[in-house]
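Have a look below at one chain only, the form predicted on its own, in C-alpha cells format.
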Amino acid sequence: MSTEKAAFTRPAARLTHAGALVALNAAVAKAEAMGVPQNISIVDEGGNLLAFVRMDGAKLLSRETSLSKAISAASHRQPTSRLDPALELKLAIAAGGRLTNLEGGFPIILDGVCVCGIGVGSGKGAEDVEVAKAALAAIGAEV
C-alpha cells in the first residue's frame, strides 16, 4: 500500500470464525457444567453476528437479550453491567432497543484492542457473567 493511502487507513485486529467458535464452545461447556442452558451471541466490532447458539432449554426471548448484550459490550468497549443505569431507557430508545445494561455482556479485548463482544442470556445475571467469562478465558481475552 502506498504511503499516501496508508495515511487514510489503519490496521484492525479481528476475531476469526475459528476464534469465535473456540469462545462459543467454551461458553457452552461452562453452561452445561452449571446446568444452565444459555443463548450465546458473539458479534464483531460493528455488531454483526459472528457466532450464536441457543442451547436446548434456553429461554426464547433471551436470544434477543444475548445479542443486545454483545452489541452493547462491543459498542461501549466495557461490560454491560458498567453502563450507567440512569441512561438505560435513553440508550435503548436511541439505539432502537439494541443497547442494554443487563449483566452478561463483555467486550472481547485481545492485546488491548476491542475486537468484538459476547452476550449471554437465559440464566440469572451472575450465571450469564460466569458463562461469558469462560468464553473470554478460552481465547485469552481480558476480563
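Values in this document were obtained by computation on a predicted structure and should not be read as measured data. Just count from 1 along the sequence shown to find any residue number.
From this point on, the text means the form predicted together with another copy of the chain, which you will not see here.
Novice: In the model of the complex, is there a heavy atom of another copy of the chain that lies within 4.5 Å of any heavy atom of A7, even though the partner is absent here?
Specialist: Yes, A7 is a contact residue.
Novice: Would K90 sit within 4.5 Å of another copy of the chain in the model of the complex, counting heavy atoms only?
Specialist: Answer yes; at least one heavy atom of K90 falls within 4.5 Å of another copy of the chain in the model of the complex.
Novice: Given that the partner is absent here, does A126 sit within 4.5 Å of another copy of the chain in the model of the complex, heavy atoms only?
Specialist: No - in the model of the complex, heavy atoms of A126 and another copy of the chain never come within 4.5 Å of each other.
Novice: Using heavy atoms and a 4.5 Å limit, would one call R77 a contact residue for another copy of the chain in the model of the complex?
Specialist: Flag for R77 set to yes.
Novice: Within 4.5 Å of another copy of the chain in the model of the complex, counting any non-hydrogen atom, which residues from 29 to 46 show up?
Specialist: Those in contact are E32, D44, E45, G46.
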